[in-house]
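One chain comes next, on its own, written out as structure tokens in the form predicted on its own.
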Amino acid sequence: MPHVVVEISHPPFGHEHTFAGLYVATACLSKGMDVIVVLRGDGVYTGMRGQVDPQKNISLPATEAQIEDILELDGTVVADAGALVMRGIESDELIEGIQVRESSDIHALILKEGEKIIAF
């Protein structure tokens, strides 16, 4: 099965990109593919835990639940350390199971594992 990297660089709300990327990752996992979700730029907000239930306000599911589903299906979720620093986000604010890595480590991971790369 192919190794798929799903890169998310948009914030979780206000764009469909994030939800589409997370659904693609979940679908690939359900088909037995290996999946790595990379959160970069404003995409790191997607990995924050304790999100207020947006269903009540904007009719969108919380990305927290989608990330947890991906992790439960043995997917890997990686957040860019530099993007976290630039946005004032501490690693303990992220959903448990998300790995924090430097950009150079993420690039190496993508080159090594990314047979298919999908950017959102």
Partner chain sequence: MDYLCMLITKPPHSDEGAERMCGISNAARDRGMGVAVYLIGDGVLCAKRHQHGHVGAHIKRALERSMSVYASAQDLRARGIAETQVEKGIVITEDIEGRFLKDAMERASRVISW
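What you are looking at is a predicted structure, and each value in this text was computed from that prediction instead of being measured. Residue numbers count along the first chain shown, from 1.
The same protein also exists as the form predicted in complex with the partner chain; that form is not shown, yet it is the one meant from here on.
Enquirer: Using the partner position in the predicted complex, report whether G41 sits within 4.5 Å of the partner chain, counting heavy atoms only.
Expert: Looking in the predicted complex, residue contacts with the partner chain include G41, since a heavy atom lies within 4.5 Å.
Enquirer: Any of the heavy atoms of R101 lying within 4.5 Å of the partner chain in the predicted complex?
Expert: So R101 does not count as contacting the partner chain.
Enquirer: What are the residues of 81 to 120, in order along the chain, with a heavy atom within 4.5 Å of the partner chain in the predicted complex?
Expert: If the 4.5 Å heavy-atom criterion is applied to the partner chain in the predicted complex, 81 to 120 yields H107, A108, I110, L111, K112, E113, G114, E115, I117, A119.
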